[in-house]
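What follows is one chain in structure tokens, specifically the form predicted on its own.
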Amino acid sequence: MIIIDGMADRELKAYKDKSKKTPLEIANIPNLDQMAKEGLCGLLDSLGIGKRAGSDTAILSILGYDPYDVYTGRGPLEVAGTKIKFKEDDICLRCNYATVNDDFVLLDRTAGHISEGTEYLEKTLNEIDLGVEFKLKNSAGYRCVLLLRDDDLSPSVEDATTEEGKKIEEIKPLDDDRGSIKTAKVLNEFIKKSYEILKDHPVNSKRKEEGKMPANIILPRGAGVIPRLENFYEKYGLRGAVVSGIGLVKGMGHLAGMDIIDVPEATGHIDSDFMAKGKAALDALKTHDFVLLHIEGTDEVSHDKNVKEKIMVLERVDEMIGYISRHVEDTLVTILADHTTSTDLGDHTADPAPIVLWNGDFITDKVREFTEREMYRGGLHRIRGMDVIPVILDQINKSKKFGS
């Protein structure tokens, strides 16, 4: 299964002379187009028609874990993906290294997509005195996680804003519970102290000299406690592996008992080595029944509203897809986007996303291109995230019959 995060898009309002097309319709993606011609295609509504999904809830659903039952926030999934030792009651948050000005107005939610020097920032941040036990750990690029451990803490708190141009306001509790109030206070103290300790840090002084955005604040969000996921092997009888460059997907795999294949070159942005991921996935197929290969770069550039880079990433991913298609035998390949990310809006939408099953035992349909528009002609029609694994299991003859 290859999840190309945020690959799907809406018609672009204006892009040179090719408006009214999506990035998939503009990009040169011959390998994906060939798979669409030879495969069984359709559209995916991860949470159901008209429901806007985050990557976390979408991928949980695609893997067959009902997010309405198991989801406790994105933070715990990110924490699980960084190999921090956690306890059941720990409060877990995802965080960004970001850039603010002296008035605490957010200038860049990714600190210029920082990728170097963050190990020194992490070390300094863990020296902060918060009055509670905590651990901050880097994940990938500008991403990091925060774990809080103390009596009377609660995940019922607001997120810090990540909307550029807005002032960073204090995080508020979502209820009057003593634990929520305490957690909000701790987080606000951490944000304030992160700015104080990072604004003149040598790493940031160097970044400013080089004309780069300084990583001068930490913005936590997605608070929750660690969820319990049924073991993937026990659930489906498949030994699973995950190849991903981001903590979120690694965390899901870890909590589901899947093996995590680390690919150091994969940073989750446009500089990610997609071919290294593809080769790692092929290697994992030698010892696993199911491999989830996750590509983050398409979503990152969509949130940055960068159409040119989204097209470039799609074309580079297509090269990797072609390599995989030439090196698999007797293997069902499922390619999908977990959700649509509008490059015009810089955010997820509820529009359905493409899905194709290739190299399986099915009647092909009339789809001839791997685009959002063409997928409306697909034989799969529109399915939900929770339908994906059952369709796969049926194709590999591992589905269970209901009735006699």
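One rule holds for the numbers: they count along the sequence shown, beginning at 1. Owing to the predicted nature of the structure, the values given are computational and were not obtained by experimental measurement.
In what follows, reference is made to the form predicted in complex with another copy of the chain, a form of this protein that is not presented.
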Using a 4.5 Å heavy atom cut-off, which stretch among 147 to 155, 68 to 76, 238 to 246, 172 to 180 contacts another copy of the chain in the model of the complex? 68 to 76
Would G54 count as a contact of another copy of the chain in the model of the complex, using a 4.5 angstroms cut-off between non-hydrogen atoms? yes
Test of understanding: in the model of the complex, would Q34 fall inside 4.5 Å of another copy of the chain by heavy atoms? no
Find out whether any non-hydrogen atom of R94 is located within 4.5 angstroms of another copy of the chain in the model of the complex, and reply yes or no. yes
Contact between R373 and another copy of the chain in the model of the complex at 4.5 Å, heavy atoms? yes
For the stretch 351 to 370, I need every residue with any heavy atom inside 4.5 Å of another copy of the chain in the model of the complex, listed N to C. D351
